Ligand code: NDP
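Below, in structure tokens: the form predicted on its own, a single chain.
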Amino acid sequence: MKYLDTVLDMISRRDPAQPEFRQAVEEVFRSLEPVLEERPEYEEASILERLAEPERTIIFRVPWLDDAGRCRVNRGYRVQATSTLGPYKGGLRFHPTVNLSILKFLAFEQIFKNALTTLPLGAGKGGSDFDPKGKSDAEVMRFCQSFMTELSKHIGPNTDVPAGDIGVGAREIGFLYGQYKRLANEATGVLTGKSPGWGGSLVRPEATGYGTVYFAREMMAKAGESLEGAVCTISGSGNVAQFTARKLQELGARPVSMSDSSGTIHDPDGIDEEKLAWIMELKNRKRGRIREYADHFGVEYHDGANPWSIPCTAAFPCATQNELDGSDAQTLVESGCRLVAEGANMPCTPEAVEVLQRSGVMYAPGKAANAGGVAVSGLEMSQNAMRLNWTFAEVDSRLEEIMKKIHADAYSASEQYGDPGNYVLGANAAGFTRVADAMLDQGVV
């Protein structure tokens, strides 16, 4: 398709040093060919070019003092992708690998993820190459205060509402919010992921993992199958992986693996409620390594390996981008895996997605499957605006309904554009058309 090729060529020439961003754009835009053929007005209004260029990209210096009194300097970012549907919304990531390409890819994916929730949310992403691991609480506080001193100029409850992401948990959100409140002299819902004691929403820590499993359950049900009794492999051992495991337990499935950057544990008997509590203590409080689980419970530990060689019914990549490649996908296919649902953002490479779809494995892309996190962030914004708090059961029920709606919309769009059950096409088409139609309504801005 000439229009699509022209846009992708322009992006390659303009952003040659941004491989993650270019990968994300090409994957989404290529899948939209049937949509673009049916709706020529999108080409006439240059919708693709406008979506591929963030409305605003902010890069800034973050100086801070370590415990020895030495000045350290990191780089901060905020990529504000689109405000078409509402305030910019997306997480902050603190990790040494953070760069402009990764944040632009995440912000771009956020456009469609946020649109799928049907909540009034724009899209953005931000963060820093700061590494909170090994830093004292005082060092993290000083960094967060310096970071927010600059970021505060560009955010607000009706402008841009950041949240947490990798490296930005309850501790960091607290320090960031405290500094914003001090600078702005007002208490507003400018960040989500806050403690429920001061404006946060219940279910927010659980939301991404729970939502991923809710979406996977809907996919299995549509195919006449069930997660009950299913052997499930999970990568990662952080927040998303932990609550993916918990919801799988509740639905009668058997999670058998978790991992971190050092390797993977395999517990054939299943990670039950007691064992999961042990992992959460290990990773959230002691900040230990997953190999300690293998030593404690006497199970297999695969040094430097991922979980995808473990036979399973369903696989949940919940660690990071591009963690599951074509070879891994082929291994999953050969072991009888029926479903892969992305808890992380873009954890499957394009080659992996091709293998899974060609082999008939149900595949849930992250922009649909892991939209639960931003969905509950949106619900937190609503609670902040109304100055009230909903119960855990009420928020969880709303999350479940949102994930059911995302699944229904994605499946319906896949049918509309001629490939029923292709959730890549369905999720991209459903999210894209909602944003694109709003852009047409609002003119060239």
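So that there is no doubt, residue numbering starts at 1 and follows the sequence shown. Bear in mind the structure is a predicted one, so any value in this text is a computation, not a measurement.
Although it is not shown, the form predicted together with the ligand is what the next lines describe.
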Legend entry - Non-hydrogen atom contact Asp328 with the ligand in the model of the complex at 4.5 angstroms: no
Inset, instruction - Consider Arg217 of the chain shown here, and say whether it contacts the ligand in the model of the complex, taking contact as heavy atoms within 4.5 Å. - result: no
Inset, instruction - Answer for Ser261 alone: is it within 4.5 Å of the ligand in the model of the complex, judged on heavy atom distances? - result: yes
Inset, instruction - Classify Lys113 as contacting or not contacting the ligand in the model of the complex by the rule of any non-hydrogen atom within 4.5 angstroms, answering yes or no. - result: yes
Legend entry - Contact residue in the model of the complex, from His154, Lys275, Lys181, His95 (heavy atom within 4.5 Å of the ligand): His95
Legend entry - in the model of the complex, the one of Ser237, Thr192, Thr82, Thr117 near the ligand [non-hydrogen atom within 4.5 angstroms]: Ser237
Inset, instruction - Could you tell me which of 313-321, 350-358, 142-150, 225-233 sits within 4.5 Å of the ligand in the model of the complex, going by non-hydrogen atoms? - result: 313-321
Inset, instruction - Pull the contact list for 406-445: residues with a heavy atom within 4.5 Å of the ligand in the model of the complex, in sequence order. - result: none
